[in-house]
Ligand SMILES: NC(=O)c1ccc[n+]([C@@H]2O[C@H](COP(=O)([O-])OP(=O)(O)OC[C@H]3O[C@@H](n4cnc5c(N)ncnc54)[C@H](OP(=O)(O)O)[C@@H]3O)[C@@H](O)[C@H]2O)c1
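To begin, one chain is listed below as structure tokens, in the form predicted alone.
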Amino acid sequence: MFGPVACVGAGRLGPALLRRWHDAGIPVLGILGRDDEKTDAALRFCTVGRRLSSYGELSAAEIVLLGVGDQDLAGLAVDAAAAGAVKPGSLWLHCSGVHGLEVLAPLAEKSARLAAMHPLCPVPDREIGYRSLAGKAALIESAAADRACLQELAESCGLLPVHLDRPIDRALYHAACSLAANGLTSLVDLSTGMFRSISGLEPEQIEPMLSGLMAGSLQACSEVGSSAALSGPVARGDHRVLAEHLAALEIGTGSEVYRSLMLHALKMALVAGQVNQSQASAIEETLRGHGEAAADG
């Protein structure tokens, strides 16, 4: 059984993880936050723990979760180490996708064990995060001696741990995460706007249309891979339909996003052998020709 867990930060992900750990029977010490009102709200959400008033109180925790912004981690590590917050041998972990363990180096100098656990799950608010974390992957970085501990800690809140065996390009990794999550969210917004511009379609009709297309595409990618899952006019080599699409789209963000994504889809279709070189040339000319016209306009 793990010892008490404390969290620094009263935002979205930290309290969601605390509540899941509490559900799993792990004792929760409390939350250290900048704003008392927000911290109390986070504690009410967690249904357990108390408001911590200083770094020094963190020394009572066996595990300290750093649920603060990426830009605040380095300063927090320096301040907490200087304030005597580290109980020797305690585990300090952050949930940033941008940083590895090096950002917490001042804590290691005070005999803390370090780890990073980045859940690959959008957390727009605490409640959604709490409900959504189960079954999602989490990238884990830790010392080899702590791997089993992190495995159990991740699984106790429903996450599927993916352990790093070697350093990675964190910026590229985080860009991929952002594109998969925020890029999809942006596509939902753009597609919704296009559907809304069609007379007669109501919001309650649009939602199942979008979710069916996107969920179906994700399922197909999971089953056969992204290249084989590609469908639509690019996969059919139909440059005429693509020209009609571009003509229907207003010049601006929607048309530029569409053009960029369809150019990438063309690369996928070539790799998968869905189109020949002649078809690919016609599609590329159509997409790039409309893109240049849009830029000139």
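Throughout, we count residues from 1 along the sequence that is shown. Note that the coordinates shown come from a computational prediction; the quantities given were computed from them, not determined experimentally.
Another form exists, predicted in complex with this ligand; not displayed. Remarks below refer to it.
Check your understanding: Taking the partner as it appears in the predicted complex, which of 218 to 226, 143 to 151, 122 to 130, 157 to 165 has residues with heavy atoms within 4.5 Å of this ligand?
Key -> Flagged stretch: 122 to 130.
Check your understanding: Is Arg34 a contact residue for this ligand in the predicted complex, using a 4.5 Å heavy atom cut-off?
Key -> It does: once this ligand is placed as it appears in the predicted complex, Arg34 has a heavy atom within 4.5 Å of it.
Check your understanding: Is there a heavy atom of Arg236 no more than 4.5 Å from a heavy atom of this ligand in the predicted complex?
Key -> Contact check for Arg236: no, nothing within 4.5 Å of this ligand in the predicted complex.
Review point. Can Ile283 be called a contact residue for this ligand in the predicted complex at 4.5 Å between heavy atoms?
Key: No - in the predicted complex, heavy atoms of Ile283 and this ligand never come within 4.5 Å of each other.
Review point. Is the gap between Val275 and this ligand in the predicted complex 4.5 Å or less for some heavy atom pair?
Key: Because no heavy atom of Val275 falls inside 4.5 Å of this ligand in the predicted complex, the answer is no.
Check your understanding: Looking at Val68, Leu43, Ile63, Ile26, which is the one with a non-hydrogen atom within 4.5 Å of this ligand in the predicted complex?
Key -> Of the candidates Val68, Leu43, Ile63, Ile26, Val68 is the one lying within 4.5 Å of this ligand in the predicted complex.
Review point. Looking at Ala115, Val103, Leu76, Leu107, which has any heavy atom no more than 4.5 Å from this ligand in the predicted complex?
Key: Filtering the options by heavy-atom distance leaves Leu76.
Check your understanding: Is every one of Phe2, Gly49 and Ser90 within 4.5 Å of this ligand in the predicted complex, counting heavy atoms?
Key -> Result no, not one residue of the spot touches this ligand.
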